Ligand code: E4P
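To begin, one chain is listed below as structure tokens, in the form predicted alone.
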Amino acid sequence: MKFFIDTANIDQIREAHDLGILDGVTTNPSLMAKEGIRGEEKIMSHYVSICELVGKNVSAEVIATEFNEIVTEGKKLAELHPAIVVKVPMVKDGVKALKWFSDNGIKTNCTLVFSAGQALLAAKAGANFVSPFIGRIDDANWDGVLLIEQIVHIYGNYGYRTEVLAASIRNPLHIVKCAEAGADVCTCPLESILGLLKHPLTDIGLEKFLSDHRKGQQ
């Protein structure tokens, strides 16, 4: 499973990159604003900085919801750097734009997906990634991981090459469950990724090794 980090924070992206497990980044205008990055010029420049650090799979989201505007905005984003993947919302004109981007060699990530039917449309239109928001589904008292299983199963039935990108990850257990369900990618905050490192028995075992080592030095 590929690991993406969901942030616009360069320091966190660099930390995940230095850990050696980073395969990409997802971000959006809200995450940009959280880092104090506002204005088109600054946002575009920040996307380039992320791309230069990561080198691949940087999802940059369009704001538009109308076909021509989505295409115009997506083309502008794609021209920033070869690593850019244009994030397109799951709306009718978004599906049309996914097909246009696919026909014109521009990589896409269909975002705000909440059903298997939506994921099926995205794959038919040629999306490179589809992003089910499992945390938000859980918030609505549905099962987000079950949706991942459904999409993986459907794609397997028909040989779709669209990668299932589990989004809205809330904790390390979500990551493990999505891996069990067959997700190709997870995107989450750095905190959730680092949470995978933690286990009390690891801490206890390490302390025992270090304690025995100190005794051996006396």
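Residue positions are given as counts along the sequence shown, with the first one as 1. The structure presented is a predicted model; accordingly, all values stated were derived computationally and were not measured.
Missing here is the form predicted together with erythose-4-phosphate (E4P); even so, the following discussion is about that form.
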item	value
The single option of I154, L31, V48, V176 touching erythose-4-phosphate (E4P) in the model of the complex, heavy atom within 4.5 Å	L31
Option touching erythose-4-phosphate (E4P), based on a heavy atom within 4.5 Å in the model of the complex, out of R136, K76, K99, K92	R136
4.5 Å heavy atom contact, A167 and erythose-4-phosphate (E4P) in the model of the complex	yes
In the model of the complex, T26 touching erythose-4-phosphate (E4P) (heavy atom, 4.5 Å)	yes
Proximity to erythose-4-phosphate (E4P) in the model of the complex (heavy atom, within 4.5 Å), stretch among 99-107, 128-136, 143-151, 77-85	128-136
